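In structure tokens, the next block holds one chain alone, the form predicted on its own.
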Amino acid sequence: MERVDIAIVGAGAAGLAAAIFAGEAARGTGCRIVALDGARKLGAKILVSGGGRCNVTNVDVRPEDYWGGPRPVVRNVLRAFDHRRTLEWMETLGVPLKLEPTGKYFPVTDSARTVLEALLRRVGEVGVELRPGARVKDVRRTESGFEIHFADAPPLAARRIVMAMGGLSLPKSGSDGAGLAMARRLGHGIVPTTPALVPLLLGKAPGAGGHFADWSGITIDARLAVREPNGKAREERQGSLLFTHFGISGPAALDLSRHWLRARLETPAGEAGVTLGHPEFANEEAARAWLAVQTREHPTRMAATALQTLWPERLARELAGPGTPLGQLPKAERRRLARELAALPLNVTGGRGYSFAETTAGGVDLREIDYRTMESRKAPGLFLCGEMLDVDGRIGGFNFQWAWASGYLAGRGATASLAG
């Protein structure tokens, strides 16, 4: 049986980072490292990220930008390899980055391929052998380490193994959850998964919020909230929102998606709802005050005309209802308008699924990992990184930053454990 010192399973962002840092740490030691991936063409997720531009990191990365595992653990992993080190690292790889007004960093070439090719080139430079098309079917523990079994090749023995097989998002790229099943067989607990950073589906319903299809193509700046049945906001996100023929997309919807999907998973009977509000109105009282000023200053102005100072015409007319001057609006209608300006109920029926999700919420329980090295507390010699872990960040380069940081610790940790 062929034997290696370190096998890295999965050659996406986190796996390539682990391979590079393991190879750098092992230089001159004779350590043999291979990186395995089931895809014949590597880096599919990297190439489609950021609209094909690859949002490498963000100017302000904090633990509060992530959900899932314990925040202190996330904080310690991010501290080990923060966004400043990512900028320096990318420079050494020959990928200078540019900062955009949104706080996102992209390669100056505006091409994700620049990032992928630099990572692959560096993997070769540090002496790590890349094996695309090597689909791993199972990982088993042995007295001397691990045995890796393939779909159509003889097994491989490895003293240490880094698992970077991703979650379930974008299954066409090879992320099908197989790594999570393997981690479970090796003794790990798996936090139930849902798609994250995924467009949301809306269904028709009575009221203005059920007429979303009429607004298809409209982009607005909005405040979205996941609300408990009693109306209390569980999570809120503000940003650009795009209405589509199926529902809503854009940064605000993508960021909110994991919170609604997790609420539905954790309390399926709770029927958590989603509301859309104008950014100027934090609550119904603020909207009511705005309407009072508009009515006092423009009593003959039609309600729809007044609302067009806030929302695009199609949305404003739907909310305003029948053509009535502001000064003649009944109290009940005024209350309805204020309520829907601050929190218009949307009939969210689901997400578009893993095929359209940018990442996965849930995964290997982060409490079962030593954050200093990313080594498993359940199976010594096993290291985990990237999307396999129960950590997911908001849109804007945060999930790539997690991949670089956790890959850095896992690669160096695996090499250091051999020396120890």
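Keep in mind the model is a prediction, meaning the values are calculated, not measured. Quick note: we count residues from 1 along the sequence shown, nothing fancier.
In what follows, reference is made to the form predicted together with a small molecule, a form of this protein that is not presented.
The closest non-hydrogen atom of residue 369 lies beyond 4.5 Å of the small molecule in the predicted complex.
Contact annotation: residue 405 falls outside 4.5 Å of the small molecule in the predicted complex, judged by heavy atom distances. Shown alone here, residue 39 lies within 4.5 Å of the small molecule in the predicted complex, counting heavy atoms only.
Not displayed here, the small molecule is approached by residue 173 to within 4.5 Å at the level of heavy atoms in the predicted complex. Distance criterion of 4.5 Å from any heavy atom to the small molecule in the predicted complex singles out 136 from the list 274, 136, 263, 222. Residues within 4.5 angstroms of the small molecule in the predicted complex, judged by any non-hydrogen atom, belong to 177 to 185 and to none of the other stretches in 222 to 230, 177 to 185, 288 to 296, 243 to 251. Shown here without its partner, the chain carries 159, 161 and 409, none of which come within 4.5 Å of the small molecule in the predicted complex through any heavy atom.
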